[in-house]
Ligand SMILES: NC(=O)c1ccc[n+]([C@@H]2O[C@H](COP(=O)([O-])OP(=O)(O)OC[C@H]3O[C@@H](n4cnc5c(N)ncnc54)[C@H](O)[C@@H]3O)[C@@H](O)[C@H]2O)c1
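This document starts with one chain, in the form predicted on its own, laid out as C-alpha cells.
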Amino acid sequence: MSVNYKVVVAGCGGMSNAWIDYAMQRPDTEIAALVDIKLEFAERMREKKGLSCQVFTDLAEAIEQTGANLVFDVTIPASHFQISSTAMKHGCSVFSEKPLAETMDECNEIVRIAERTGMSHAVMQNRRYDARIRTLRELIASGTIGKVGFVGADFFLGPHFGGFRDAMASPLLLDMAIHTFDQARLITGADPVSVYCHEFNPTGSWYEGNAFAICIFEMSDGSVFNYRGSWCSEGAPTSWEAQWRITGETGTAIWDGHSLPYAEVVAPGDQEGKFIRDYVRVDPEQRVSDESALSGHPGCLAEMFQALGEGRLAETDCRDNWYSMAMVFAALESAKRGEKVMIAELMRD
C-alpha cells in the first residue's frame, strides 16, 4: 500500500508514544517530522522509535518542509488552539488529544476554521472505544428499555496525582469530566441543552480546587443526565468508566464500568393491578465490530483514519466534540453563577 498520510507529530512527551506506535504500524502512514518546543525532546523520541524523520521546533516550518498532510496534536491543552489552527491553515487535517481547546472561545474558533478550510479535525475520546460501552449504546438504541428518561453516572475515585492537578481550580471538571460527559452523549445519542452544576471541595480533599461536582443536564431527547463525580473519595471506588443507570419507559439498563451491561425490563404478560411488576433480565452479547475491535487510543485513531480515508467526518470530529466541550464549560459557568446555563449561550458563532 502506498503512503497516503504524511504525519507531523507535535508534542514529544510521554503521551505521544501511543500515537507514534499506532502510526508506525500503518502501511499507509509515514512519520514525516517530530516537533517540540524543546528540540532535544523531539530528537530523543526520534532515536527511541528508530525513526529517520526530521525534527523541528516550529510546526509551520515542519509542514512546509515535509509536505505533510496530517498533524497529530499531542501538546499540552494550552497549545491546542495554536497547533490546530496553524495545521489547518497550512492544509493539514488534525488528530488531537483532548481537550479540543482550553477555552470555549477557542473551541468555537477551531470549529469555524475547520468549516472554512474544509480540513478534518478529530479529537481523542478514547473512552468511547470500549466494547462494553458500545454494547450499552446498542442496548439503548435497540429500544430494549424504551425511550430514555434519565441517565445517571457516578464517578468516585481518589487518585493522588501530585503536580499540576492538585493546584487546579476545577481539577475534576476541567481534566476528567469530559470523558463521562462525552460517554453520556455516545450512550444516548443526545446533545446537551442546559446544565445546573454545583462544585465544591469537601473535607479531606488534598486538592486546592474543587474536586467534587454534581451536574444536572437537560438533553435534546428530553431526558435528564445527572453526573455525580469526585476525585477525592477514598474507599469503594467506581470504575474510571463510571457507574451507569439508564431508565426508560419499560426498563432500566445498568453498567458498573467493569463487566458487560445488562437490562431489567417489564416481563411480558398481564400484570394489571400489580404494585411492583415482574421484571426479566436482558443480557446482550458483547458488541464487536470494526469500530470497536480496537479499544482506547488505537480504536479512536483507527476510526479517525477510516473517516479521513472515506471523506466523512469522524465520530469525534470537532463539530461533534464541540458539544461535549460545551458541557464542561457550561458546567463551570453554572457553578460560578449558581444558576442554570443554556448550552447554546456558549456555542454562539
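Throughout, we count residues from 1 along the sequence that is shown. Bear in mind the structure is a predicted one, so any value in this text is a computation, not a measurement.
The next section is about a form of this same protein that is not shown, the form predicted together with the ligand.
Three-residue candidate spot L139, T188 and G257; no residue lies within 4.5 angstroms of the ligand in the predicted bound form by any non-hydrogen atom. The closest heavy atom approach of I76 to the ligand in the predicted bound form falls within 4.5 Å. The ligand is not shown here, but in the predicted bound form it comes within 4.5 Å of a heavy atom of N126. At the 4.5 Å threshold, heavy atoms of R46 stay clear of the ligand in the predicted bound form, well away from it. The ligand in the predicted bound form comes within 4.5 Å of no heavy atom belonging to V282.
The stretch among 320-328, 306-314, 33-41, 63-71 whose residues place heavy atoms within 4.5 Å of the ligand in the predicted bound form is 33-41. In summary, among the residues R132, H90, H179, R228, the only one with a non-hydrogen atom within 4.5 Å of the ligand in the predicted bound form is H179. Of the residues given (E218, E199, D154, E97), E97 alone sits with a heavy atom within 4.5 Å of the ligand in the predicted bound form.
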